[in-house]
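Only one chain comes next, encoded as structure tokens, the form predicted alone.
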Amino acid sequence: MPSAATSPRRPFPVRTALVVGAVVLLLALVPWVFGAFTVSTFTRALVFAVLAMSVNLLTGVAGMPTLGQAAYFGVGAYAGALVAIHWSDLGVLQLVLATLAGVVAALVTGPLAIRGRGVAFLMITLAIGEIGYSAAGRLDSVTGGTDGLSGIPPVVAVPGSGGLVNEGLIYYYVLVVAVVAYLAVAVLLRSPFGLTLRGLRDNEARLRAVGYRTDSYALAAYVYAGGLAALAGSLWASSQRFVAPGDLAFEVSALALLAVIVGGLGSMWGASLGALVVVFTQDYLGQLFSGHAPLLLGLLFVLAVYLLPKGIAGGPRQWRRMFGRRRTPDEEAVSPV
């Protein structure tokens, strides 16, 4: 296995940058095209996309499937809400402090979590999520208990300006932060550290044999993912202006993992798109077919597993394999290798 530190530098992905720019431009048009409810759904989907990127960093990139990212999402949500209520309504300050709170929480719990791999890691993170959910409901003086935290003031995006109360302006605030988070993860994945995480997923024993301290890389990935989930939580508090223990529930972690599976393990844009599909299936289509959102999500998961086992990100190749014309034996014989 070549050393990640000595890997040749890859060229700047111009085509990827153009595609990302086009997608951001389309997302910027959302408030001008759709009504308030759809814009609000897009806002929730963008927040969920940041959480899905956190799950994908651990599950798809580092090979550590997690069901506990809702705990750090909740830490960020409560931290952002408490800063807004008691200290400052400035968005940047809320985002930074909430992310730091998530990093600290991941640093405290990470050494326990990374002791296991595979199913053991999944179970430990599930336990961490359940502990966080239980703590949020019991710490009345801090979290408001089962009543949650309400009365969160509107977030201020730029010092000296007013609070954001318009759905479209809140959407733009979340969109800007989500794009910055996406770029930060993209830079991380193209760095030697990101390449090492993929090596951790593919063959940890071999990576350890050539001298890498794999537990340190696993802990660093865990802490980075915890901070990213907390950033999403702060965005959630700013956009919904209400935080409750339900935001740390197992369902949140499960839906984030579903978004990663639907979008494609290992692909950040796939995970983001998967988050949009999951949120619109649950919140938008679920309202059209009232009371059947869980059924729709179940059908979505079954279809994704059977039709797109590599997720949306691996779609075109899979569809060509399913419906493309099969080559005859003679064509196979003359086909160049």
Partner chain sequence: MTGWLDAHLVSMVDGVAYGLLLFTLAVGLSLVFGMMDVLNLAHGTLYLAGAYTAYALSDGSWLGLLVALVVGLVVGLLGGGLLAAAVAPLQGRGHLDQAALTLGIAFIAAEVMVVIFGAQVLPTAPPAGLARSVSVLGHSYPLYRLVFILVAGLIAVMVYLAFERSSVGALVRATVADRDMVRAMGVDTRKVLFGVFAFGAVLAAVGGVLGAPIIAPGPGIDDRVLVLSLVVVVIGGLGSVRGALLGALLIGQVQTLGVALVPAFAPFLLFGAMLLVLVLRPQGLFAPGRA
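The model shown is predicted, which means the values in this text are computed figures rather than measured ones. Residue numbers count along the first chain shown, from 1.
Another form, the form predicted together with the partner chain, is not on view; read the next lines as being about it.
- Just one listed stretch, out of 30-38, 294-302, 268-276, 44-52, contacts the partner chain in the model of the complex at the 4.5 Å heavy atom level, and that stretch is 294-302.
- Contact annotation for Leu67: at least one heavy atom lies within 4.5 Å of the partner chain in the model of the complex.
- With a 4.5 Å cutoff on heavy atoms, Ala181 does not count as touching the partner chain in the model of the complex; it lies far away.
- Residue contact check for Glu251: one or more of its heavy atoms lie within 4.5 Å of the partner chain in the model of the complex.
- Contact between Glu167 and the partner chain in the model of the complex is not found at the 4.5 Å heavy atom cutoff.
- The listed set Val104, Leu93, Met123, Val176 contains one residue whose heavy atoms approach the partner chain in the model of the complex to within 4.5 Å, identified as Met123.
- The partner is absent here; in the model of the complex, the one residue of Val210, Val119, Val158, Val187 having a heavy atom within 4.5 Å of the partner chain is Val119.
- In the model of the complex, the partner chain lies within 4.5 angstroms of at least one heavy atom of each of the following residues of 138-163: Arg138, Leu139, in sequence order.
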